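Encoded as structure tokens, the following chain is the form predicted alone, with no partner shown.
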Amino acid sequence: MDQIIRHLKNSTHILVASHAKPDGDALGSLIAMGLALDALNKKTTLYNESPIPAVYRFLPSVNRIVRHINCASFDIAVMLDCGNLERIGKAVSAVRQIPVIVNIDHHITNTRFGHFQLIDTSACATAEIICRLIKQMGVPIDKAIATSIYTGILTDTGSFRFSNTNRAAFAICQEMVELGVDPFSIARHVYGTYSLGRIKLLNLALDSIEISSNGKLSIMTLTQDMFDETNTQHEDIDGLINYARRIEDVKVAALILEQQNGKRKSKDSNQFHVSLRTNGSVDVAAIASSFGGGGHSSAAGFSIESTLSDVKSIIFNLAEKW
């Protein structure tokens, strides 16, 4: 950690980035780190290639996050919540040219990329690690930073319901509340309201659910046609997989997401992203890793190019082992 802090303090222009299709931890960690570097009077650019999900647009300084960068101007890059460098998306080749890359993450499947790593797989969220780093940097945590850290931990622990919830999750969130965070306000933004389009998308998603023959696996499918029909975007899917995960007797839920503008090799083949969630009885990180993906033992994902029917067959075959 000391080496990372020394490089950050000696830097001129810092890129801070998190994974594409960001969740609350990716965005909370990104903003908290950016604001802390601001306090050190550092020139900082915050980057995420994807649109910001509507439920997180309340976060402080969220409008500073850019979707396009020129990597030639950076002397150090801080990658947050990325199990591998490719998770940041299309900018990966350019980012590799930055002289120093720092990898900060809590995923057990992290590939240990970069010149410096700050990885703690026992942390409840990357935001927990960022909180510790900010304190070690000697930066006072104000309400804006506290709001970002609190949101990261709240969402990545599923409101303290997931198995990654630890003592630090409660201790840090208590500390953030003491610094001015309003839990009701954040919960209202994150969980309180949905657009009509999202409700319509949810209806289609629920209708798509299929159950394996042994009842242990559920599959939810979201196609581009569904997004077009409901006038929604990929950022509107946040949390939808939980409906499939909570079905009685289901051990693993899979959400198959057809990618926008996927490169088709044939009429039917397309690019899909598969998100996996479990009740804790199956290590979905191991499953995702076997397909080139990664994540946590209880929440993971991977991308695959195939036909929708073949993707479903592959996933259904997994359930025969449980």
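So that there is no doubt, residue numbering starts at 1 and follows the sequence shown. Model, not experiment: these values are computed from the prediction.
Here the subject shifts to the form predicted together with a small molecule, a form of this protein not shown in this document.
Colleague: Do residue 311 and the small molecule come within 4.5 Å of each other in the predicted bound form, heavy atoms counted?
Modeller: Residue 311: no, not in contact with the small molecule in the predicted bound form.
Colleague: With the partner left out here, check for me: in the predicted bound form, does some heavy atom of residue 293 sit within 4.5 Å of the small molecule?
Modeller: Yes, residue 293 is a contact residue.
Colleague: Hey, in the predicted bound form, is residue 157 touching the small molecule, heavy atoms inside 4.5 Å?
Modeller: It does not: once the small molecule is placed as it appears in the predicted bound form, residue 157 has no heavy atom within 4.5 Å of it.
Colleague: Although the small molecule is absent from this view, report whether residue 301 comes within 4.5 Å of it in the predicted bound form, heavy atoms only.
Modeller: Yes - in the predicted bound form, heavy atoms of residue 301 and the small molecule come within 4.5 Å of each other.
Colleague: The chain here is shown without the small molecule. Which stretch in 130-138, 197-205, 84-92, 70-78 comes within 4.5 angstroms of it in the predicted bound form, by heavy atom distance?
Modeller: Every other range fails; the passing one is 84-92.
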